[in-house]
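Quick heads-up: it's one chain on its own, the form predicted on its own, in structure tokens.
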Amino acid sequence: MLALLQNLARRLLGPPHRYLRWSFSEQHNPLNHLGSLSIFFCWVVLVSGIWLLFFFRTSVTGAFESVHYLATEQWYLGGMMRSLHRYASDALVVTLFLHIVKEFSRNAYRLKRWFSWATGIPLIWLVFLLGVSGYWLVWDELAQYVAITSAELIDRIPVFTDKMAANFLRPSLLSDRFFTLMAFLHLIGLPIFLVFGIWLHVFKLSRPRINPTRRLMAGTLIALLLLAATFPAPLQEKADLARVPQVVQLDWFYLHFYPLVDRWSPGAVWSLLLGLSGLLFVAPWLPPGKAPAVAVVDLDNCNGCQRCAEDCPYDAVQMAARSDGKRYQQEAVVDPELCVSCGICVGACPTATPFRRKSALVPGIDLPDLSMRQLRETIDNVTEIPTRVLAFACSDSAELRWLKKNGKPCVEVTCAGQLPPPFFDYVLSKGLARRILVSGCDGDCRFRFGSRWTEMRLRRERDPHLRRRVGAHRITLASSSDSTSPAGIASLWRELDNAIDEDES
């Protein structure tokens, strides 16, 4: 069931990802920056909210008038800022949802990676609390509906003794202090918790990507400004507690569950919301999984070069003082609580070379479940009869399934970053294949840096480099092309075949 849901999520994200890559390139593809885009939208909301705060009056009579002034008389700047505030908030919900779906589809939320997932669930609640409290401050008919419905939900919590809904029975019961409190929560209290939550969400990651590319930030901001100028955020009639609004225009991004309160009891709505949140929180352990064996350091072959520690996406490899008395000053140490067994550290190890024959192929750091010796044996078996094209495919890629289904010579790896450049040299210099195709994850790497490090190594921009004697044109990275889909890989495979024919002619 889990695999079926993840496959469905991948199928849903696949076409938009390929279209956006074709439109914006892989580097600027919004689906590769969902987490950082969410943080960027938080900044846009914060800056635009500070501007609105200058004009907002925290009183029963002043709240609506100040917003009405911005929407009508200062529409050219204040109204734009209000609309920008609204649409950036909505965009934040979209990127959060897509971020959750993407991490689920890639199985990047289980085992050692549960912490980032679990700390992300409270962030969802904080974002929605911020959004809902923002609607209260406008104090139009929509705000009146949201306030009364929210009060009914809050009154259902047994912690509070005084009924909050009683404040909205008639106009005389609502005081200015209410708006002062809501402004404090919306502009200071909840944002502080949100910032702390974001830090907690990413603090276990090495080099967390908290900013999208500059081009993506600029393009997104321009799109939001155009949307704000074309479709200004609506402002409904002023709230009046003496009458019940007949029609309100809901923001379905934040208020999608509010109509349920009218049909169900508040307790039933709380059961639904808490049940879904609880299910998301325990998802990393449903069903319980067995973690693969972590990377192992062999001190006989470790020279303390630090490359494995520099390339690890999760800071699972640290350098420590030498413990075996050898002349090297440092040795690599693996933290089993942080290691996700991606193998990127192995791809960085200079001793992971398949040309070793007189001694066992045991690099300074290796994966027990898919060692470099096993990888070399698999290559030798697949190319026992030399092939025209040999593919290395990430175990998470849809292309791997196409390659296996169509009987193409391919070698499965945990991550593209697990491949040390000498293995490409080995295949080409030994004549085991004429061309090499490397297929990484669909989109950005599920282990964060695998595809990027591989591309930089092949371009000789990052150690270990691809040797100069190897023609880089004979190695094709599918993740760098426009053909990372089963149909695209089929076309790319034909292109490589045609390129070999051209070389021979």
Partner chain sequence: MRLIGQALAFAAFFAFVATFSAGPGFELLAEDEALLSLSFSHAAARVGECTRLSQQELQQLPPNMRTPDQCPRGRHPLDIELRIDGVTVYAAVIPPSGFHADGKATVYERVRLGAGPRHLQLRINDAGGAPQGGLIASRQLHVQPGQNIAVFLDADNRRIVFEQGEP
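Since we're looking at a predicted model, the values are computed, not measured. Residue numbers count along the first chain shown, from 1.
As for the form predicted in complex with the partner chain, it is not shown, yet the points below apply to it.
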Any of the heavy atoms of L299 lying within 4.5 Å of the partner chain in the predicted bound form? no
Looking in the predicted bound form, any heavy atom of D369 within 4.5 Å of the partner chain? no
Taking 4.5 angstroms as the cut-off for heavy atoms, does P171 touch the partner chain in the predicted bound form? yes
Distance check, A360 to the partner chain in the predicted bound form, heavy atom within 4.5 Å: no
Given that the partner is absent here, state which listed stretch (413-421, 242-250, 267-275, 117-125) has heavy atoms within 4.5 Å of the partner chain in the predicted bound form. 242-250
Contact check for Y69, I188 and F193 against the partner chain in the predicted bound form, heavy atom at 4.5 Å: no
Students should find that, of E337, D162, D324, E384, the residue having a non-hydrogen atom no more than 4.5 angstroms from the partner chain in the predicted bound form is D162
The listed residue (Y135, F178, Y426, Y109) that reaches within 4.5 Å of the partner chain in the predicted bound form by any heavy atom is Y135
Heavy atom contacts to the partner chain in the predicted bound form at 4.5 Å, residues of 79-94 in sequence order: R86, Y87, D90, A91, V94
